[in-house]
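A single chain, nothing else alongside it, follows as structure tokens in the form predicted on its own.
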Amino acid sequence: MNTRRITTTLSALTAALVLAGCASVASDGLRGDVQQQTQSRLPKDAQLASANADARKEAQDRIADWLKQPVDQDTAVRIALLNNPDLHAQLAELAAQDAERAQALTLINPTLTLGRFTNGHEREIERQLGFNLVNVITLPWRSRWLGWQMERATLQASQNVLLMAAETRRAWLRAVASEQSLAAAVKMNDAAQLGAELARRMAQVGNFNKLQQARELSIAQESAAQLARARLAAATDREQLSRMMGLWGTQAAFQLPAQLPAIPRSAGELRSGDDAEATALRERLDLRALRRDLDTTADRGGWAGVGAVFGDIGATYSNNRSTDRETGHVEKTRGWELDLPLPIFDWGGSASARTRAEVRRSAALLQSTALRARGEARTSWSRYRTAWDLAHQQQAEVLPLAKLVQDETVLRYNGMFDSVWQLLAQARATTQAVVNATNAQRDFWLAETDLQLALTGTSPGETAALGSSASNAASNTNEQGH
């Protein structure tokens, strides 16, 4: 009866351990969690790429449909989310980290020892089943710690998504602005070449001296150089946008809108800067990740010293049988063994000190990032407001004034009060004013992108450090758990 009870208890315990040790891996590689974290910060209906082959084929069909029309800013971000290979690699890394979490939560396989020993009088069969007792006892704590660390890794992946989306927006803005500037450079070059040709003909008939001709030729040469630089800038910016969207070959021949989006008409339509710091401290994902890192490190601190001393406790169940070779008498021996490390040399002081230092480090990093977030919120909003003031000035004051001067110059030319050279010079000046207004408009939307990232996303340049910290924390937990 006792044997049956022991066997039943051992079987139940084994089944419980097996069920507890089988941690599951997220079927989507935690992409759904990243999608949830970033949904409100991305364009409407923006989706992350799926690891499923059929879903990715459908995504390619959607991208092909989007490319049939001029690609606006939100569409560029949607394409990048589905097609950017760097983002695919980052999401695959998150799935690998989730698999490592599941592996770390899986109980260490028990060890089965079988032995057969004989001598002149008896034969002995030895069977031992052993397992790491601490690995079982600490499973609930390790599950909590690794869950927090995966939450932090998910926040890190979400930051990468937002950084990629912001960079795609910047690339789109630069590409559209470059094409606008290229169109203006073509007009300025046409005017300059016309002036150079007219100067050459007038010099031939003796109505222009060499100095006047040289001045017009110099203007034409400078205009040609500006046109070449504008063409290079447009090609480079377009290539950068293609790379961000993961497009190549015939897909890279997509169309862009002819103009940038209009800026807000009045200051009342701008984002408010009153609560910029509070919004950054509340919404930024890098701060949330560091808070979770501090919680994990502090919670793990109580286990650090104990785990360093008693991390190798093991239990073994033995069931041995000895058979006398002459009489055939069988003698069975059952029992268990408990392996306890003796804290003679290591009392866990070093491990505890290391954990306390890690807690202080995490707290300092959180404080430093919070201070940086405050400063970036204020600075980004100031740049955003100043960029609007400059862009509004260009469109409300400078461009109308340039158009007025252009119209008056045409009237004076028609009335024979101004020469053709003054008309051409004013045409070049008006075109340059259009370029300046375009650049100011581009700078405003770039500042708006940076402000949105600084308030709700992350600080560019801190991503690598955050990812390294998360990897170190995960490795520390795995070492203590196993």
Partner chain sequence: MQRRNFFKGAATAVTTAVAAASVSRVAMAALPEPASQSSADTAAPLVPPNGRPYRPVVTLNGWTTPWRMSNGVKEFHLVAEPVVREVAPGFSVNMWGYNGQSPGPTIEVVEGDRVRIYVTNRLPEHTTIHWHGQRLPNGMDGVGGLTQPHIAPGKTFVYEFVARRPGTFMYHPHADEMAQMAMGMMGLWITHPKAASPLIAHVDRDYAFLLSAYDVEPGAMTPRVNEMTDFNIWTFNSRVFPAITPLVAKQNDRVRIRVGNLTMTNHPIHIHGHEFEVTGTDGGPVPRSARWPEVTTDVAVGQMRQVEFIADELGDWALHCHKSHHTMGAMGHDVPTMIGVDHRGLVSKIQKIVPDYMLMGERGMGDMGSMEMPLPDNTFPMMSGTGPFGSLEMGGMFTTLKVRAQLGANDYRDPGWFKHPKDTVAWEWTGKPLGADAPRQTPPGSASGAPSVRKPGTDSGHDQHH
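Positions refer to the first chain, counted from 1. Each form is matched to the other, and the largest set of C-alpha atoms that superpose within 1.5 Å is called the rigid core. All of these numbers come straight from a predicted model, not from anything done at the bench.
Absent from the display: the form predicted together with the partner chain. The rest refers to it.
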| message | Checking a candidate spot here: are L194, E408 and W421 all in contact with the partner chain in the predicted bound form (at least one heavy atom each within 4.5 Å)? | response | yes
| So in the predicted bound form, does A26 come within 4.5 Å of the partner chain, heavy atom to heavy atom? | no
| message | With the partner left out here, check for me: in the predicted bound form, does some heavy atom of N414 sit within 4.5 Å of the partner chain? | response | yes
| Should R292 be counted as a contact of the partner chain in the predicted bound form, where contact means heavy atoms within 4.5 Å? | no
| field | A396 within 4.5 Å of the partner chain in the predicted bound form, heavy atoms | value | no
| Heavy atoms within 4.5 Å of the partner chain in the predicted bound form: which of the stretches 206 to 214, 253 to 261, 78 to 86, 165 to 173 has them? | 206 to 214
| Heavy atom within 4.5 Å of the partner chain in the predicted bound form - the one residue of E222, E239, D299, D190 that qualifies | D190
| message | I need to confirm a contact call. Of L182, L366, A402, M202, which residue comes within 4.5 Å of the partner chain in the predicted bound form, counting heavy atoms only? | response | M202
| message | Please determine whether the C-alpha atom of N189 is displaced by 2 Å or more between this form and the one not shown following superposition on the rigid core. | response | no
| Taking the rigid core as reference, does Q213 move its C-alpha 2 Å or further between this form and the one not shown? | yes
